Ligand SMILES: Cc1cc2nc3c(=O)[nH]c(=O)nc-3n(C[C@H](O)[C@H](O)[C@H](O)COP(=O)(O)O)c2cc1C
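As a starting point, one isolated chain is supplied in structure tokens, in the form predicted alone.
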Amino acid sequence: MFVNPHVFFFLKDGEIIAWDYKNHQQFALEKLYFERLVDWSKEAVLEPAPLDKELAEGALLCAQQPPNKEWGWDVLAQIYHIGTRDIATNLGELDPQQWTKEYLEYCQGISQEAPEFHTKREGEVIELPSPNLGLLKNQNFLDVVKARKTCRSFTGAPVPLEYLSTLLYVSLGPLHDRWQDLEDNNLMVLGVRKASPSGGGIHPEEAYIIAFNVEGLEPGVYHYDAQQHYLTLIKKGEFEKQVIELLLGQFFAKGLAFGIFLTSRFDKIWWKYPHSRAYRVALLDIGHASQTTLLTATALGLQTWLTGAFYDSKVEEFLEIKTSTESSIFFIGAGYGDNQSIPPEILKILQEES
């Protein structure tokens, strides 16, 4: 017999839980059953025992050795990848009428438990100038897409606050104002319409602005209120050196006019989609939001740099996020640069070694 390779174990309330993440099954195991699986995992030939039949019925043991499929990452990544595949396969068997009925019943069932969608941070409110959409109206889309390029060498020149306001409004803010087709049909509006798509229209992303050199805005950390289009001051200060340290020493952040930490409010997502597969969508949502931000910044004549490498817990402490339901996911830097994807420090070393 062979132990199912798609099982992990954890302790909960004094019980050993076996989680078959491929088949989406969980079992509470008595110690004897767990020890039997441990013995089989040693690849020894054991005498048949009644326990084996029960373990086989739960698919924790199998008669044939499972194929060893290629996987280039660690086990944790494999657990998540396989464990979030092939969810709710029964839905594909429903006709449109039954599918719609079950979906609406589910939505009505959770509608009374909706979290507060509007994230409002405490602090001094900083009014933003009205977004200047005229800065974008004459832009050729193809030219903008082709011009978007990661830059790792910035000049430190200031960016007008009007540009930051326009960027936030178009990329992350209330660009669409109302969700007209829902309101026209007298439907409850819980989601939000923005420039980028989001699973369920939830838009879990939050934006924290690190102002380094923005004309008319004191250097510091701000939260962007995407519903009301204003900034809330978190703290004032010159944080360039600290941010570089938080970004694992990526010195390319030097000279940025501002940076944006994108976080995700997980509680908004798991309210509607409680399965772990929704974590995939949370990451995709940040990807959509960041790409829209990058293209808008490019259309405004700014250059951008982005990274997902940073000290997560330290970033959240820096942003004064005090809840485990919101987590940092991505960083975008913007400003004026020299359009070089390879920073001078790295280029110099490469040239010396060639």
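All residue numbers refer to positions in the sequence shown, first residue = 1. All values derive from a computational prediction rather than experimental measurement.
Not on display, but discussed next: the form predicted together with this ligand.
Chemist: Answer with one of 306, 51, 295, 29: the residue that has a non-hydrogen atom within 4.5 Å of this ligand in the predicted complex.
Modeler: Filtering the options by heavy-atom distance leaves 306.
Chemist: Counting any non-hydrogen atom inside 4.5 Å, which residue from 148, 176, 85, 280 sits next to this ligand in the predicted complex?
Modeler: Checking each option against this ligand in the predicted complex, the one that comes within 4.5 Å is 148.
Chemist: Although this ligand is absent from this view, report whether residue 330 comes within 4.5 Å of it in the predicted complex, heavy atoms only.
Modeler: Answer yes; at least one heavy atom of residue 330 falls within 4.5 Å of this ligand in the predicted complex.
Chemist: Taking this ligand as it sits in the predicted complex, is residue 250 in contact with it (heavy atom to heavy atom, 4.5 Å or less)?
Modeler: Contact with this ligand, yes.
Chemist: Would residue 268 show up as a contact with this ligand in the predicted complex if we use heavy atoms at 4.5 Å?
Modeler: No, residue 268 sits far enough from this ligand in the predicted complex that none of its heavy atoms falls within 4.5 Å.
Chemist: Is there a heavy atom of residue 152 lying 4.5 Å or less from a heavy atom of this ligand in the predicted complex?
Modeler: Yes, residue 152 is a contact residue.
Chemist: Only one of 64-72, 308-316, 33-41, 51-59 gets a heavy atom within 4.5 Å of this ligand in the predicted complex; which is it?
Modeler: Among the listed stretches, the partner-contacting one is 308-316.
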